[in-house]
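Below sits a lone chain in structure tokens, taken as the form predicted alone.
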Amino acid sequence: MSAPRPDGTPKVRGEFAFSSDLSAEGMLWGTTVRSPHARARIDRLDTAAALAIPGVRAVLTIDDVPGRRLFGLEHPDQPVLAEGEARFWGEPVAVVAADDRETARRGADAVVVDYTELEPFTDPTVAEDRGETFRVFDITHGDATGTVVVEGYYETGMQDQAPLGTESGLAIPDGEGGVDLHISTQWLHADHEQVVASLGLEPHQVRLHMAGIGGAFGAREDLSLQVHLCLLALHTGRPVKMVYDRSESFVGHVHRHPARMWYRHEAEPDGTLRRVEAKIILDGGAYASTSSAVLANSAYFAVGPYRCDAVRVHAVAARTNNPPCGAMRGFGAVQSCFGYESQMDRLADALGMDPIELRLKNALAPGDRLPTTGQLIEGSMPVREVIETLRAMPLPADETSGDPRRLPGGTGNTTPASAVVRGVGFAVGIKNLAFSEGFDDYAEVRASLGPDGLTIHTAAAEVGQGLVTVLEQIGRSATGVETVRVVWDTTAQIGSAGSSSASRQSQMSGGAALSACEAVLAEALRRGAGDRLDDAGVWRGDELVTSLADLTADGPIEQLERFRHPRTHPPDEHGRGDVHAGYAVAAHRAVVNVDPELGLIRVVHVDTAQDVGKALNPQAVIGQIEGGIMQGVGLAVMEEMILRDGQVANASFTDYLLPTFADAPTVEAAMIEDPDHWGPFGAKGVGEPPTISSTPAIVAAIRAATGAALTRVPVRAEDIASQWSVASDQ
């Protein structure tokens, strides 16, 4: 059922407290001094002028970091504040605390930093040649070949997560040398571990509290201002708040890795895929973040959801002086999906075969092995079902409206209906669920039954995906108690729930919640000597034998559960092994209208069929599908961070183009319910698949409309218009 979100109404009414709304008595404001260069040696850093400004209470540099000077989600290689050399444009160099925000900014402007500019490395291919890499990953398997061969080169740009809420938080010293940090994050305990290390304190001296989050999409997996806030609060002995402005946010978090990809597909004349070779280069930027894992995903899913006898993948995450890249919705599967789905269309054309039939012929199924890792596929893998379901959905009628809002160019009135050509494109995507490669992936939940109902305690981040609703639903379904609330504990009160990423929380924290609630129910029935529980108490048949108040008179019934998914393992030297816990697939069909002369596009309609295991909250699943498709639209036709010599040229919502409501296509979605082997009630994560194959489907539709050989996203107007102009002249 689609239970309503308990946080929905307060968010709509503006009554929900986001981290940027927090305040405390005696609070100071913090701000950050950032490098104006993509790469520069720091020759001198003078804080005297800033400290002389009335109201400035602290100016801190790397020398004020008492513990580990480096942080990083997987590999601690990024300085808390730049030390000796700034390695990307916008890198934090110093932090300032002052009585108010404006004074803090004035203090930051007064910090004197003498730089010697150095030549930045901004080309990931050159970086690879120089050995500047975070990870080099090779997958080799099989020696089969095919007689029909196609090759192609593809690129994807740097996309930003663009959450509506920017980075913000509040640190409050406890007066005993410790600190409480209220922060919007995707992984409270990973932040805690890194903050403790840099502060040089004991873990119990630092307590992290989950604050209201205004969107994430991967941007909040890495630290941004967490350590800075705590340093300033401990140094001044006063609460300190920081809120990034929009331009600062663009360099304050990681982004989607830009990719350069070369592919070669070989098949038999009947369409049987025999061999796939790929070279994938991801630009990781200045620091490691999660580049190693993102790269692995790009490589593991380089063939897509298709059987193949032989695979050669060489994948590299390069280190440059561009802004750091890391987690973003789809986590590496997005880039390679654009490559392999473009190739599947190219291969179908070479074979003279319907592209959907080509995909069906090679579709993976349970009992097959993933072509890259060789892992036997357990659980559900309904590739054929999503393709067949999508193919059966009716196409929208031809556009007859002259309403400019429905035409390429919109209210700019650039395109008459007579100039429009329409195309239809199709793509299929695949992604792993939860963490892979042998990571000890778990989530902890405590369920507590008291006189007022059931409480579910967790540290899992509600980033807007609706986890709070799902956990409440699981609690009700597992116990029979309707009064359920979710409470976010601090790092001192509960263990880690892992990250709200990798489409994992419904399965991981949901699995822990289900186990904990089932245990609470069993204990309640044992104590009450009954056979059913609800808000009134324990029942035996139609007789209420014990009220909730009596049942919990000596204290709540509690159960703590730590849930783990099926064990995974690191790959061997050939990239092979049982590295994943499960998968989800989705297919998209896009209908686009194009003004080919001007290169303008309107995405009219997107149909999708998605593998969801079991839809715990169908309305929430549809919301994830619609939102994910919009990010796919953005990557396909407009979203890109423009870099010039390592500097971001469009760090604002004026210049970084995002699809708005006016750009939204009509979306029709079909949910394929094929229960998986380890999620609660058979559920799978649903957050990432909508983004992965929607982008190549849209580009395929533009190709179909125009005949243009589009190999890069986002598709630019000149990419279409220039090829149309050449074709028109011939």
Partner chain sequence: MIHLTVNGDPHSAEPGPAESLLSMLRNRLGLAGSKDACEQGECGSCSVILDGELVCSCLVLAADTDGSEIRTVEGIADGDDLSRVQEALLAEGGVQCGFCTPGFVVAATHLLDTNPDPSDDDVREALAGNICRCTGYGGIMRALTALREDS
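Positions refer to the first chain, counted from 1. Remember, predicted model here, so these are calculated numbers, not experimental data.
What comes next is about the form predicted together with the partner chain, which is not displayed.
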query = Applying a 4.5 Å heavy atom distance criterion, does His314 contact the partner chain in the predicted bound form?
reply = no
key: Interface membership of Val428, the partner chain in the predicted bound form, 4.5 Å heavy atom rule   = no
ask   = Just to confirm, Asp403 within 4.5 Å of the partner chain in the predicted bound form by heavy atoms?
value = yes
request  = Answer for Arg274 alone: is it within 4.5 Å of the partner chain in the predicted bound form, judged on heavy atom distances?
outcome  = no
inquiry  = Only one of 158 to 166, 73 to 81, 554 to 562, 388 to 396 has heavy atoms within 4.5 Å of the partner chain in the predicted bound form; I'd like to know which.
reply    = 158 to 166
note = Only hit among Ile456, Met630, Val227, Ala524 for heavy atom within 4.5 Å of the partner chain in the predicted bound form is Met630
task = Could you run down 562 to 584 and flag each residue that has a heavy atom within 4.5 Å of the partner chain in the predicted bound form?
result = none
